[in-house]
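Single chain ahead, written as structure tokens, the form predicted on its own.
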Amino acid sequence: MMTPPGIAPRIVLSKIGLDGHDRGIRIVARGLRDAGFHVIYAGIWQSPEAVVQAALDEDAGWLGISLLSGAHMTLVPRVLELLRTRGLDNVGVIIGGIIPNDDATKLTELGVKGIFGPGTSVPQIVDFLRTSAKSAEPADLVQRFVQKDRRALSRLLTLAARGELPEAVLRETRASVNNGGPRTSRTVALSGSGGVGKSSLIGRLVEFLRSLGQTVAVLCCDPESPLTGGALLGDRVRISKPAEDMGLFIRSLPARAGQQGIAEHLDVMMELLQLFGFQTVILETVGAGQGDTAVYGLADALVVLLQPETGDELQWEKAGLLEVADVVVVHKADLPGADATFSQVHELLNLPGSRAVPVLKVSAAKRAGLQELWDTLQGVPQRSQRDAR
């Protein structure tokens, strides 16, 4: 049975400690996705602080931790303590790994909701999570939002994503934050086909912007299963985020099939992040095709990524995503064929009498072209200024 859109349980899955084997947790992640969960995969070698921060920013109902390093009696209590100090008592913690019975008893007494050892089937985990689900609605969201409470921001984003944020609450939030002056934040959307390296480039761009002192928020769209409503949301793995960095916020979002690569209600979510004070808001679409142009108009600048040797002049001529791009990036510019692709696209998009579109070569792997990309984006007028013309 398909899960109704927008209300699938959200769970962060991660490995903490020095254990680098992730096959087991990936199997669980896929099983939960196929059961209709929205699974945020936070990666391996994570610290307790990092996974708790992920659970907060993602507004997850569950935090699933896998560890085989034998350090469970040190790391798990730290996770539970951090959850309590961050006001996340509503987040249920489950543990996977080889846990001796005596330790399992102690961890349960400390607050762990479920412990699953070797041989546990995915359906058993699914049944446990469904029957043990609980939720709590934080109070005074707008007041806490104005006071820069990230948990309030996270919950308002969840309500917005579900289409459940009342217009009255949004108006109250605007009135409480706005001082009548023009906004100074900038919004950027990155789109392109699957595998072109959107997440990797965003990760490098985030590093670059944080080195400049810019606060950054990222909305990452990943596809939702058309069969179960579940989703495996893994883009945050490619965006390096120190746990203590409060100047960076990452939210993973499922995009339903037929939505042209974007989640619903993104305009409201992007506005909330701007109202919260982030100087740059970045939106990443699902891998997009030529006709997936719904992202147009959501951000000040739309960056379309192309990969070397993935098209020709006729492909570039077709109307669609390239037609609405503000900037075109030939990504993975360290690969063979990048110069030829750059020349073809640059010539096509800068014909006499046509709208000139900047075409850049960028390589996330080599950290090349980031300064030029940011300088170019700075020169694109804000969407509100262009609409007013």
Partner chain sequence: MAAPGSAAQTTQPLASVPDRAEPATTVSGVPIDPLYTECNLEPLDGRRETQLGEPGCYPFTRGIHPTMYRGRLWTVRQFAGFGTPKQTNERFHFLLKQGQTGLSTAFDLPTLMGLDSDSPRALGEVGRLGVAVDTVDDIRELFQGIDLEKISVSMTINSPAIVIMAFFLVHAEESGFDWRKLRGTIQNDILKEFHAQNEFVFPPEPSVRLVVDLIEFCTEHVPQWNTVSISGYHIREAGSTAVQELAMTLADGMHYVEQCLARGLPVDSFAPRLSFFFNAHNDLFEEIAKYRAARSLWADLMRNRYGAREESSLKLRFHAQTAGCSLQDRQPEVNLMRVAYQALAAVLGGCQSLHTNSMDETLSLPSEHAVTLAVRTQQVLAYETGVPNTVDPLGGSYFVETLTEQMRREAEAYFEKIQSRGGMIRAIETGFFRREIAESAFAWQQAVDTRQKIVVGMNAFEESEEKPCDLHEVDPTVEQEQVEKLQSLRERRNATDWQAVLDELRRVAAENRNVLPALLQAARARATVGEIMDALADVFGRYAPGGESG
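Just so it is clear, the model here is predicted, and its values are computed rather than measured. Residue numbers count along the first chain shown, from 1.
Quick note: we don't show the form predicted together with the partner chain, though the next part is all about it.
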Select, from the options 230 to 238, 82 to 90, 269 to 277, 158 to 166, the stretch whose residues sit within 4.5 angstroms of the partner chain in the predicted bound form by heavy atom distance.
230 to 238
Report yes if all three of Asp300, Ala338 and Val380 come within 4.5 Å of the partner chain in the predicted bound form by some heavy atom, otherwise no.
no
Residue contact check: Tyr41 to the partner chain in the predicted bound form, 4.5 Å heavy atom:
yes
I'd like to check something about Ala257: if you look in the predicted bound form, is any of its heavy atoms closer than or equal to 4.5 Å to a heavy atom of the partner chain?
no
Partner proximity in the predicted bound form: Ala175 to the partner chain, non-hydrogen atom cutoff 4.5 Å:
no
Using heavy atoms and a 4.5 Å limit, would one call Glu323 a contact residue for the partner chain in the predicted bound form?
no
Taking 4.5 Å between heavy atoms as the contact cutoff, choose which of Gln143, Ser121, Ser132, Thr184 touches the partner chain in the predicted bound form.
Ser121
Identify which of Leu348, Ala50, Leu68, Leu360 has a heavy atom within 4.5 Å of the partner chain in the predicted bound form; exactly one of them does.
Leu68
So which residues in 23 to 40, when you check the partner chain in the predicted bound form, have a heavy atom no farther than 4.5 Å from it?
Arg23, Arg26, Ile27, Arg30, Gly31, Asp34
Work out whether the Cα atoms of Pro242 and Ser14 come closer together or move farther apart in the predicted bound form than they are in this form, the change being 3 angstroms or more.
closer
